[in-house]
Ligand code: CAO
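Have a look below at one chain only, the form predicted on its own, in structure tokens format.
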Amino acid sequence: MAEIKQVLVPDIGDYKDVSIIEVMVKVGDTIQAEDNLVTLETDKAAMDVPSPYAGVVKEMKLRVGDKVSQGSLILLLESSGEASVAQASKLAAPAAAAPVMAATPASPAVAPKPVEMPVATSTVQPVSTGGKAHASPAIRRFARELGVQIGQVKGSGVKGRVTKEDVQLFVKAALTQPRGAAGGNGLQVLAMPVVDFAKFGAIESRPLSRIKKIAGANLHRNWVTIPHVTQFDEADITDMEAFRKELNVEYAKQNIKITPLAFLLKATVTALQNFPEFNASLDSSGENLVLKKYFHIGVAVDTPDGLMVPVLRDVDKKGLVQLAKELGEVSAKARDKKLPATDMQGGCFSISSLGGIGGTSFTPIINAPEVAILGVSRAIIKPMHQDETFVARLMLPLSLSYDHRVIDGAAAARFTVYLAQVLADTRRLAL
């Protein structure tokens, strides 16, 4: 029997007031369970929201540009009762708590896409509020992540509340000011030159993808606010590769492909357990180190629209085969734009592997609030001195970028040396 069902925004992690950037259905459309309804854009990536039910769209409750949170009402669906149980279980918010959350200019929680903000041309002057700025906990956390003192930002929301847009404009204005113009509290950078490239020859203008725009803002922040140093090393993975190939033959019938990244995940956890300052973050004051007792590792995935970093949780509790399966699953989700925001949160450490493409080394940018990231390039055969002779060994280049406020060079060198030892002798993974 047909019934009218409410379709709500599922669990999207800690994000609130997320922008709707695309609506894929309209009233009268017949849809199937798992068909995509809308696309949301967080400050990390864009993600599609699938329907938990099959049926006919009776009424749309939002449009492009609206802001939504978990439990917000998307649409009313005349359903035949066929539901995707897995998806329906995620929509835990009750119907009564699902009002339409359209954006209004007066809302203190308006969170526009930072990549679409107009370039600030005026100088932002610090505004002293005596440490009593009116802002929600989420906005205060956002400001801390950008290194902004909330008391310096003038609020444009109701009763002077500071919004996310206010913080973004404050940072953007500081970045566009000439050197010295921002005073002691600003970011001392020169304005980018405006160049008419067409006068030098033929050009083509191509817009950046949404993911690249969002990632670019975060990467820029991390690069200019974290003192990066990169330690380079290499690991002998000759024996590891032989073992990996044996495992692939063994698990071929189960359609499981074990990549070098699965071994890297396990070896990295072993190194983090022995060097806990790498599995940590600075607190908001910058004076204390928060040591984490869990081991969630982010893995950079190359997608057609840009880089995404899903997080594999509790890597220390999983074996190589399970990690290989999860790597394949999250990589497919990322490329298909089906990776939920919750799968990109809570990371302790990140790995960026270019081994499948090439290169000898690179400097990966730290994914704040983490304090280190491991870059991996393509392994090559090298002659190595062993037992009074030279033998051919497969060597894997390692590039460890670290936050010099937390980690010194000696610790970084010890970390990569230990990691190389584990990769060279996989029996150490059992220790």
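What you are looking at is a predicted structure, and each value in this text was computed from that prediction instead of being measured. Numbers for residues come from their place in the sequence shown, where the first is 1.
A second form of this protein, the form predicted in complex with oxidized coenzyme A, is not displayed here; the remarks below concern that form.
Inset, instruction - Would you check, heavy atoms only and a 4.5 Å threshold, whether Val371 touches oxidized coenzyme A in the model of the complex? - result: Output for Val371 is no: heavy atoms all beyond 4.5 Å of oxidized coenzyme A.
Legend entry - 4.5 Å heavy atom contact, Thr259 to oxidized coenzyme A in the model of the complex: Thr259: yes, in contact with oxidized coenzyme A in the model of the complex.
Legend entry - Contact flag, Ala138 vs oxidized coenzyme A in the model of the complex, heavy atom cut 4.5 Å: The answer is no: Ala138 has no heavy atom within 4.5 Å of oxidized coenzyme A.
Inset, instruction - May I ask you to check whether Lys213 falls inside a 4.5 Å heavy atom distance of oxidized coenzyme A in the model of the complex? - result: Because no heavy atom of Lys213 falls inside 4.5 Å of oxidized coenzyme A in the model of the complex, the answer is no.
Inset, instruction - Go through Arg313, Arg335, Lys292, Lys154 and name the one with a heavy atom inside 4.5 Å of oxidized coenzyme A in the model of the complex. - result: Comparing distances to oxidized coenzyme A in the model of the complex, the residue within 4.5 Å is Arg335.
Inset, instruction - Find the only residue in Ser281, Gln345, Gln231, Ser353 having a heavy atom within 4.5 Å of oxidized coenzyme A in the model of the complex. - result: Answer to the contact question: Ser353.
Inset, instruction - Tell me, please, which stretch of 221-229, 300-308, 193-201, 268-276 lies within 4.5 angstroms of oxidized coenzyme A in the model of the complex when heavy atoms are compared? - result: Selected range: 300-308.
Inset, instruction - Would you confirm whether the three residues Tyr15, Val49 and Lys164 all fall within 4.5 Å of oxidized coenzyme A in the model of the complex, going by non-hydrogen atoms? - result: So, no: the whole triplet misses oxidized coenzyme A.
Inset, instruction - Heavy atoms within 4.5 Å of oxidized coenzyme A in the model of the complex is the criterion; list the residues of 233-251 that meet it. - result: Heavy-atom contacts to oxidized coenzyme A in the model of the complex: only Arg244.
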